[in-house]
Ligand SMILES: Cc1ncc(COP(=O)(O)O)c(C=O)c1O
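Here we start with a single chain on its own, the form predicted alone, put down as structure tokens.
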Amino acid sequence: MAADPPEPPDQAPAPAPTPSDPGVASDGARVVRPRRAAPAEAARVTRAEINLAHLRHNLHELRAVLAAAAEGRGRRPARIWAVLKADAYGHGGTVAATALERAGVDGVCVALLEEGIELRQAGVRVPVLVMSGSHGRRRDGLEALIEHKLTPVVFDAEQVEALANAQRYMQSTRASEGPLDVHVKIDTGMGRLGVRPEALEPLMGSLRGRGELRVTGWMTHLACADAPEDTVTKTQLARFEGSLAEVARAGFDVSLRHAANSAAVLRWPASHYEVVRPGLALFGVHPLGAAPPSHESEASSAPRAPRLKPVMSVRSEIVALRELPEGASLGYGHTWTAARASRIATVPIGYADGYSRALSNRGEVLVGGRRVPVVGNVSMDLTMIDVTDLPHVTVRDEVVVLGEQRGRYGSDAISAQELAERSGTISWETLTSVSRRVPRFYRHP
């Protein structure tokens, strides 16, 4: 296993701020980013293991799905731009991006300017799309965006003006040559970001008058691609294509389009266009559940379900054991009382690590390949489990919170989907909640 490269010590002097430094706010204050716990510094036994071979496998599986879908439609397979926002769904953005780039991914997508800069500083060279656009006042961060050759998404005239001004300034200093590539986001029904179809004409007018910018892509975001009901996605795709027809009539190049997230890659071949943007599926979680939908619809024509492999597992160890008599209670609020003489183990993982408090008295973990229940309230740093039925358990035995385990009592697995369902949320949140204080260990292919 290998880990992230060592980071400079906290005492290292900060470099002088520059106007394009994304770590400097508009009032001159320096923004200090939190560091992730590094394996070499970790004293706790709780850890996340990231299997990069599984990440590459999932990329190849999605490519196979795209190739089969394209063959059935008589077109070239869509290219994959991996969505690596939120630190690659908690897996480690720079490491995931580097592994995917070596595996031949065509591009990556992030949400924030800072995420894109971090990838560039790690040596990532494929196109990096900043999907949430730019929200800074005046030129905050825009010069850094241009300097690092990131591709912003635009959807209003104010963004267009700010980017054009920043690009013109960078051209005047010879820090950038030629126009800045941008993608335009059309809001077809998500209702968050994007230009509404009825407002396209003014935006196109703004873009047409800005030679500093070049529109190289058009995108939308599907709201319900994973839903059993097809109506919303059909409507969104129809709106997108209607908008693209208007854009093409206005003389813009529409040869690069993208709409499909992980669910749409698997369920909506009509949404593949030239580029797709899978995120969750790359990390081994099926966005449609354990298997694709069984009902027949116009959407469910993907050739086969990919055989995805989970990329992340979260493991810890038992650090304490104690015997509780029948009737004894434990934990904050005494929400659990022993119905029999019980053996209770303490595990150093809690809600500050991303193990949800909603799993109190309802979650399960694996010990020796057997499921055991979480008892009492999950606290910030510690969780208690009932190992009464596992007579040979000792301190230092491994505990699997997420992932597979084989042991003396059998074999089993706990998925991100299961954790999400038990805690009343979604797999995306389960993965991204694994906090920075949990060190990541990387298994390289």
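This is a predicted model, so every value here is computed, not measured. Throughout, we count residues from 1 along the sequence that is shown.
Unshown form predicted together with this ligand; subsequent notes refer to it.
Note on the interface: of 200-208, 271-279, 160-168, 97-105, the segment with non-hydrogen atoms within 4.5 angstroms of this ligand in the predicted complex is 271-279. Contact with this ligand in the predicted complex holds for none of A53, H91 and R440, as no heavy atom of theirs lies within 4.5 Å. Within this chain, R76 is remote from the site of this ligand in the predicted complex, having no heavy atom within 4.5 Å. Using a 4.5 angstroms threshold between heavy atoms, M131 counts as touching this ligand in the predicted complex. Among heavy atoms of H334, none comes within 4.5 Å of this ligand in the predicted complex. Although the partner is absent here, L142 sits far enough away that none of its heavy atoms falls within 4.5 Å of this ligand in the predicted complex. Only one of R257, H221, R370, R267 lies close to this ligand in the predicted complex, with a heavy atom inside 4.5 Å, and it is H221. A heavy atom within 4.5 Å of this ligand in the predicted complex is found for one listed residue only; from S356, N261, S243, S313, this is N261. Residues are counted as partner-facing when one of their heavy atoms sits within 4.5 Å of this ligand in the predicted complex; in 400-435 only W428 qualifies.
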